[in-house]
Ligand code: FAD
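Take a look at this single chain, the form predicted on its own, given in structure tokens.
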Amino acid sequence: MTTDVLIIGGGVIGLATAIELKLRSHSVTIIVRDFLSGASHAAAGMLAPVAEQIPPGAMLELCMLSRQLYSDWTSKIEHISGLSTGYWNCGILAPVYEKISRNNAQWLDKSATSQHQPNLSSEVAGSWWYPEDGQVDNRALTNALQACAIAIGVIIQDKVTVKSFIYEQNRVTGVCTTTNDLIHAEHYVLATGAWSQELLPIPVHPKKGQMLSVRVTDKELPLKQVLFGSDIYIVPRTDGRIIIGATSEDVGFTPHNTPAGMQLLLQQAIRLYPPLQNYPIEEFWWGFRPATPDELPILGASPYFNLTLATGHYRNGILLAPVTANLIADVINNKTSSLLEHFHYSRFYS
């Protein structure tokens, strides 16, 4: 089998990149081991470059650029796929138990915070308000991206794992898969997230996150924006779910939820927003964030001139999907951005 571009990995990064390349008239194939196993399905979908207090520099510039793209990008995906992405520019409220200085935010005192979001803990001293941040329903987004890709003619091979690259000097000439197929392409994109080290010796490792959701029993959603505490986030969905996350654990690919992880999340969430203790628990899950030593993604060139890297997005894969897709498509079309210099894989090697 031959294709213009072969993308290895079918999370939001791989799917978004495939769609962008297909819309630029490339033939594109995605190989994905399991659509449900990656970080995309496990995320909370926050679009929070300002609330997360990303320091000034290339990463903040990248995140802000992607947030700016989000409304038009999700509209395009929804139009093509016919599915909702759950994009919601709801703002993010960051309640604190004691006031600490933050940049680029409006301070709300205890009274104003209570008016903005009733029923927060009596311990809350005030909050920071980030009206431009928001959220997307990451599972809805992933489904819409998959449907969009299929609708425009991207070929998707699910339940297939790439075992290895085939190299000839500084060029990739093909991949071997678990179905014993040899697939050849003009260009290859590695977008396998936390599993990237299985194919290339780049410093991406899994950082496990446990999460859970509760179901609102009221007719009206009691939370009107994301709550972003110092050690917890609470993300309301318009369908009545409330997402609570997330632990951050260096345990490799150790699966499953743990009593300790669930207890930690529930204690912190109920402390911040006590009404949560009365809602029925709907689901527990976990996922593996693709972390790098400096917590920045690895984007652009690789040691092989026809292999491009799009991995290591850590906590910001959902946020960075549209800008990553544009930048990687530009690289494959021989356009370069000075922004990519800050995310080059060579920064980890002397």
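Computed from a predicted structure; not experimentally measured. Note that residue numbering follows the sequence shown and begins at 1.
Although not depicted, the form predicted together with this ligand is the subject of the following passage.
(message) Check for me: heavy atom within 4.5 Å of this ligand in the predicted bound form, for each of 14, 161 and 233, yes or no.
(response) Yes: each residue has a heavy atom within 4.5 Å of the partner.
(request) Identify, from the list 66, 292, 316, 308, the residue with a heavy atom within 4.5 Å of this ligand in the predicted bound form. (result) It is 316.
(request) Report the residue, out of 279, 129, 195, 88, that has at least one non-hydrogen atom within 4.5 angstroms of this ligand in the predicted bound form. (result) None of the others qualify; the residue that does is 195.
(request) With heavy atoms only and a cut-off of 4.5 Å, decide whether residue 272 touches this ligand in the predicted bound form. (result) Because no heavy atom of residue 272 falls inside 4.5 Å of this ligand in the predicted bound form, the answer is no.
(request) Would you check, heavy atoms only and a 4.5 Å threshold, whether residue 322 touches this ligand in the predicted bound form? (result) Output for residue 322 is no: heavy atoms all beyond 4.5 Å of this ligand.
(message) Can you tell me whether residue 61 touches this ligand? I mean in the predicted bound form, with a 4.5 angstroms heavy atom cut-off.
(response) Result no; residue 61 lies far from this ligand in the predicted bound form.
(message) Taking this ligand as it sits in the predicted bound form, is residue 298 in contact with it (heavy atom to heavy atom, 4.5 Å or less)?
(response) Contact with this ligand, no.
(message) Can you tell me which of 153 to 161, 180 to 188, 254 to 262, 216 to 224 lies within 4.5 Å of this ligand in the predicted bound form, counting heavy atoms only?
(response) So the stretch in question is 153 to 161.
(request) Enumerate the residues of 10 to 48 that have a non-hydrogen atom within 4.5 Å of this ligand in the predicted bound form, in sequence order, or give none. (result) Heavy-atom contacts to this ligand in the predicted bound form: 10, 11, 12, 13, 14, 31, 32, 33, 34, 35, 37, 38, 39, 40, 42, 43, 44, 45, 46.
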